[in-house]
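In the structure tokens that follow, a single protein chain appears in two forms: structure 1, then structure 2.
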Structure 1
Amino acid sequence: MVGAKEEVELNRLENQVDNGGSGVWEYLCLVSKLKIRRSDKVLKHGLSILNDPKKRSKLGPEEWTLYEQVAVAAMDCQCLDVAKDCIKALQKKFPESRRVGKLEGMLLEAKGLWEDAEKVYSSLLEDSPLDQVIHKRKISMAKAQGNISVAIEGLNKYLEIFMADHDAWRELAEIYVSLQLYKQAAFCYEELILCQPTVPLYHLAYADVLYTLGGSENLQIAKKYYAATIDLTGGKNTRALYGICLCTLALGQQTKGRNKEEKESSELHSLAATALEKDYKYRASDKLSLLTATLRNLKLQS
């Protein structure tokens, strides 16, 4: 998950380096920090540094981190020879390293040699049973092979021990959503909101899941979380604004005739609608008529 500001900076740098400009190392560091998957770019630009001995020596000890980053990117792009070379270089420098061992396992995964990879990971875990990264690799392998139920089981076991791992909670939530297990997904987002209550995207995802689940209680709560998202993002989150409108419509269909609810919700609804209209007028004026029709649609039926 990347905030808007960081994404702008990332795209700016990416554009710059794609067009032959400087800042390659900054770009690669930012990708690594934000944990974004742009493997083809990382491979291309990372190799441009690694293949140039002068540029490589300028990095100093960071050279090895770059080897690791490029190895993973190469595996993602199925350039297994490049990955192998990077791993070899790392093996030479760090002979008994577990971190390099993980890369070896990943290379086996990339080749589709699941059982061999499993062996590598199991032996690494024997030496260090609480290695989070290796545990997650095993879960990823299950998912890659399509054993989703094994992956879910693995993730749940993992989270019993490492319950502060936000990425794991998010992954589990996304898997549940893809299987339409919305209640379980909601639970994951609840955990995330408890851990990091100021991250608006968890509130938003939670609201989306509750809306999908439906039922007046869930819709009421969804509306509250859309409102929380709007609060946390200074009213700039389009999805949350739309979410308010959708919830109001759905609730209206469920609670016909309860005047009090209608009054309260229609105020919030109009505020959201107005905010959307203002934003579209300013930034997407060609779509304003579609927005107006949508809002009309959502109001008429409630």
Structure 2
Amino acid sequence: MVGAKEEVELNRLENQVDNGGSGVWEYLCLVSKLKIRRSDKVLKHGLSILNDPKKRSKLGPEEWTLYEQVAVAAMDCQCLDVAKDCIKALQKKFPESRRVGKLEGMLLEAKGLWEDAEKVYSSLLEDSPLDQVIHKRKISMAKAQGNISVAIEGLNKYLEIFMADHDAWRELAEIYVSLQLYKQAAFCYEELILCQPTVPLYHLAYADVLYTLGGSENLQIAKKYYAATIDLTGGKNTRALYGICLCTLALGQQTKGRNKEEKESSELHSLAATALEKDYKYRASDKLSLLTATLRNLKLQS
């Protein structure tokens, strides 16, 4: 995730180079370091260096890093001839490189030559079966073709080997949610919370899945994870506050007559409702009356 200071510096450099100022190489390096996609900018400014022999020669060995960066940007922008030229330059310099081989596969993907790309990736995996990037490319290729079952199978096999890859767990969870396979998605979010217990997004997503599954036990657990999200975000997550309210309503319908549970739920939803009102007063005062009416309809306000 890009930090506030890094984003400010990135925007400053981008504005500077877009207006013909210096710092093009510094800008391209920062884009690469932060692992963000500004493909149109990278293509434009990267080519301005590669097409100028004097500027290119000043880069030294970093020239080849720029060729790779521009090749990927060109594929994103569907400038496939530019990507092909960059890859050719890299092939000439590094004829047996697996890294260049990945770019060849990506170019075939960009052209829609799925079978040829599959052959390239399979060949690369024979030499390096633990190459995470190539495994992920195959999974992405399956998704691009709409073969979701193949993508799920690929992700599950991948996670058997690379169990600590939280990005893969999250992707698998999102696929399961899109297919309404909520129990499987819940398992993925449990793994994510174990790997990164301080990331509020995972607590929130897990709570959403449990709320969707329903049932008294799931709702009680969902409420706890909504509360954890609120705690991790300093009380500023509106979705989690709503989640507390909705869980309380659903549980109230299932636990009538159980005084202790009703009392605990009443205290929690009152705190959530108060926090929502405070948030709306500060950020969207014109919608405060709508919120109040909504909470009253949910029997969460008097």
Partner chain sequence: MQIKVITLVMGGELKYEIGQNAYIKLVLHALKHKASAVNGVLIGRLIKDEVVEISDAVPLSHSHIGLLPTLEIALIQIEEHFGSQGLSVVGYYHANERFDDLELGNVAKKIGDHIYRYFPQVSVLLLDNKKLESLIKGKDRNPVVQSTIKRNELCFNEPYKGPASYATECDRLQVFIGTVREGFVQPLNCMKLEELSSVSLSLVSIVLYSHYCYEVSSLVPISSCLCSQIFCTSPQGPDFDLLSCTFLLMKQLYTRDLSKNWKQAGSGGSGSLTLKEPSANIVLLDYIVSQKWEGVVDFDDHLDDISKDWLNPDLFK
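C-alpha atoms forming the largest set that superposes within 1.5 Å between two forms make up the rigid core. Just so it is clear, the model here is predicted, and its values are computed rather than measured. Residue indices: 1-based, along structure 1.
Of the two forms shown, structure 2 is the one predicted on its own, while structure 1 is not. With the core held fixed between structures 1 and 2, G215 has its Cα displaced by under 2 Å. In this overlay on the rigid core, E9 has a C-alpha that sits 2 Å or more away from its partner position between structures 1 and 2.
After superposition on the rigid core, the Cα of L66 moves by 2 Å or more between structures 1 and 2. Comparison between structures 1 and 2 places the CA of H45 6.1 angstrom away from its other position, after core fitting.
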